[in-house]
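Let's start with one chain on its own, the form predicted alone, as C-alpha coordinates.
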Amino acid sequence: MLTLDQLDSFGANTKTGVQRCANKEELYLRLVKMVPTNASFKALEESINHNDLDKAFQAAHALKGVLLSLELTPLTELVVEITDLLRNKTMMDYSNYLEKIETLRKKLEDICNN
(Lines give C-alpha, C1' and ligand atoms only; values in the text may rest on other atoms or scores of the structure.)
Protein backbone atom coordinates (compact mmCIF):
# COMPACT_ATOMS: atom_id res chain seq x y z
CA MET A 1 0.00 0.00 0.00
CA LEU A 2 1.35 3.38 -1.03
CA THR A 3 2.31 5.69 1.83
CA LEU A 4 3.36 9.30 2.21
CA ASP A 5 6.66 8.10 3.68
CA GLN A 6 7.45 6.17 0.49
CA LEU A 7 6.70 9.25 -1.60
CA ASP A 8 8.78 11.43 0.71
CA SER A 9 11.68 9.01 0.19
CA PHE A 10 11.13 9.36 -3.58
CA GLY A 11 11.59 13.11 -3.12
CA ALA A 12 7.99 14.24 -3.28
CA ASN A 13 6.77 17.17 -1.20
CA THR A 14 3.77 15.30 0.13
CA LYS A 15 2.84 17.94 2.69
CA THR A 16 2.11 20.50 -0.03
CA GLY A 17 0.68 17.86 -2.37
CA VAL A 18 -1.86 16.75 0.21
CA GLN A 19 -2.75 20.38 0.96
CA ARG A 20 -3.52 20.86 -2.74
CA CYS A 21 -5.92 17.93 -2.46
CA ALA A 22 -8.00 19.68 0.21
CA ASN A 23 -5.89 17.95 2.89
CA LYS A 24 -7.31 14.59 1.81
CA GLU A 25 -4.46 12.10 1.98
CA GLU A 26 -6.51 9.33 0.37
CA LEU A 27 -7.31 11.52 -2.64
CA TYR A 28 -3.68 12.55 -2.99
CA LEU A 29 -2.47 8.94 -2.92
CA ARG A 30 -5.15 7.89 -5.44
CA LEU A 31 -4.05 10.66 -7.82
CA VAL A 32 -0.36 9.81 -7.41
CA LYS A 33 -1.10 6.18 -8.29
CA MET A 34 -2.49 7.37 -11.63
CA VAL A 35 0.67 9.25 -12.62
CA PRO A 36 2.87 6.35 -13.83
CA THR A 37 0.25 5.33 -16.40
CA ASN A 38 -0.44 8.87 -17.62
CA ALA A 39 -0.63 8.74 -21.42
CA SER A 40 1.43 11.92 -21.72
CA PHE A 41 4.62 10.00 -20.89
CA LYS A 42 4.18 7.84 -23.98
CA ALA A 43 3.01 10.80 -26.08
CA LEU A 44 6.11 12.76 -25.09
CA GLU A 45 8.46 9.97 -26.09
CA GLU A 46 6.67 9.18 -29.34
CA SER A 47 6.43 12.83 -30.36
CA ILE A 48 10.12 13.41 -29.75
CA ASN A 49 11.02 10.24 -31.62
CA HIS A 50 9.00 11.58 -34.58
CA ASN A 51 10.56 15.05 -34.27
CA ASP A 52 7.16 16.60 -33.58
CA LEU A 53 8.24 19.20 -31.05
CA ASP A 54 4.79 20.83 -30.92
CA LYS A 55 3.09 17.61 -29.81
CA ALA A 56 6.01 16.83 -27.52
CA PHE A 57 5.59 20.26 -25.90
CA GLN A 58 1.87 19.62 -25.39
CA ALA A 59 2.59 16.28 -23.70
CA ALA A 60 5.37 17.73 -21.55
CA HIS A 61 3.22 20.69 -20.55
CA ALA A 62 0.36 18.38 -19.54
CA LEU A 63 2.75 16.29 -17.43
CA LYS A 64 4.22 19.40 -15.88
CA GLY A 65 0.81 20.47 -14.60
CA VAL A 66 0.06 17.10 -13.04
CA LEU A 67 3.50 16.70 -11.49
CA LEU A 68 3.59 20.24 -10.11
CA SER A 69 0.14 19.84 -8.57
CA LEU A 70 1.11 16.61 -6.84
CA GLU A 71 4.58 17.89 -5.90
CA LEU A 72 6.39 14.90 -7.38
CA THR A 73 9.60 16.89 -7.34
CA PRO A 74 12.16 14.57 -9.00
CA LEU A 75 9.97 14.09 -12.07
CA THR A 76 8.78 17.67 -12.02
CA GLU A 77 12.28 19.08 -12.28
CA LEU A 78 13.07 17.10 -15.42
CA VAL A 79 9.71 17.74 -17.03
CA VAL A 80 9.96 21.48 -16.36
CA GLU A 81 13.36 21.53 -18.09
CA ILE A 82 12.21 19.56 -21.13
CA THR A 83 9.02 21.63 -21.37
CA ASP A 84 11.04 24.84 -21.56
CA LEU A 85 13.31 23.39 -24.24
CA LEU A 86 10.35 22.18 -26.27
CA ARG A 87 8.51 25.49 -25.85
CA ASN A 88 11.49 27.13 -27.54
CA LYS A 89 11.60 24.36 -30.18
CA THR A 90 15.19 23.59 -29.25
CA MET A 91 16.60 21.08 -31.71
CA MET A 92 18.71 18.66 -29.72
CA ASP A 93 19.05 15.05 -28.64
CA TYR A 94 16.37 14.57 -25.98
CA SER A 95 17.25 10.93 -25.26
CA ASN A 96 18.99 11.74 -21.97
CA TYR A 97 15.88 13.52 -20.70
CA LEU A 98 13.62 10.71 -21.87
CA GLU A 99 15.79 8.08 -20.17
CA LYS A 100 15.86 9.97 -16.87
CA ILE A 101 12.12 10.62 -16.97
CA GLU A 102 11.41 6.96 -17.74
CA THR A 103 13.70 5.80 -14.92
CA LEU A 104 11.84 7.99 -12.43
CA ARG A 105 8.45 7.03 -13.86
CA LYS A 106 9.31 3.35 -13.36
CA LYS A 107 10.59 4.03 -9.85
CA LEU A 108 7.32 5.79 -9.00
CA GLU A 109 5.36 2.95 -10.57
CA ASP A 110 7.24 0.43 -8.40
CA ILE A 111 6.51 2.50 -5.30
CA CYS A 112 2.84 2.72 -6.21
CA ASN A 113 2.53 -1.02 -6.85
CA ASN A 114 4.22 -2.22 -3.65
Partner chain sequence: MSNIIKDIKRTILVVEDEIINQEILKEVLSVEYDVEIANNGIEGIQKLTTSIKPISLIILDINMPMMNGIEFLKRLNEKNIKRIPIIVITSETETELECLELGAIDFIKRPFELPQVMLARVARLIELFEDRLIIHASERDELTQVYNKNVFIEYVKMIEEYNPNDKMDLNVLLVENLHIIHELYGQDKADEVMKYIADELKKNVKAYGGIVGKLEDEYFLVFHKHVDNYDELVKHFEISLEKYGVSGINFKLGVYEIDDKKVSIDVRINRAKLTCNQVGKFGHNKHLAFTDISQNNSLLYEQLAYDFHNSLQNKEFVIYYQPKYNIENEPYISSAEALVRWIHPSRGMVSPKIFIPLFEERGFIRELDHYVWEEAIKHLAYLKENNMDIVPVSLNVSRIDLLDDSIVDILESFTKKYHVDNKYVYLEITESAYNSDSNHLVKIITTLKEKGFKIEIDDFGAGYSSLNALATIPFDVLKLDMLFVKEMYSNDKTLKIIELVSDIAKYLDVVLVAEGVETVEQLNQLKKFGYSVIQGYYFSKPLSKEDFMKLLGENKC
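Since the structure is predicted, the reported quantities are computational estimates derived from the model, not experimental observations. Positions refer to the first chain, counted from 1.
What comes next is about the form predicted together with the partner chain, which does not appear here.
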* **4.5 Å heavy atom contact with the partner chain in the predicted bound form for all of 53, 92 and 100** => no
* Does at least one non-hydrogen atom of residue 65 fall within 4.5 angstroms of the partner chain in the predicted bound form? -> yes
* Asked: Is residue 73 close enough to touch the partner chain in the predicted bound form, meaning at least one heavy atom pair within 4.5 Å?
  -> no
* To do: Report whether the minimum heavy atom distance between residue 49 and the partner chain in the predicted bound form is within 4.5 Å.
  => no
* Asked: According to a 4.5 angstroms non-hydrogen atom cut-off, is residue 13 in contact with the partner chain in the predicted bound form?
  -> no
* Which one of 29, 35, 85, 78 is close to the partner chain in the predicted bound form, taking close to mean a heavy atom within 4.5 Å? -> 35
* To do: Just give me the residues of 1-21, first to last, that have a heavy atom within 4.5 Å of the partner chain in the predicted bound form.
  => 19, 20, 21
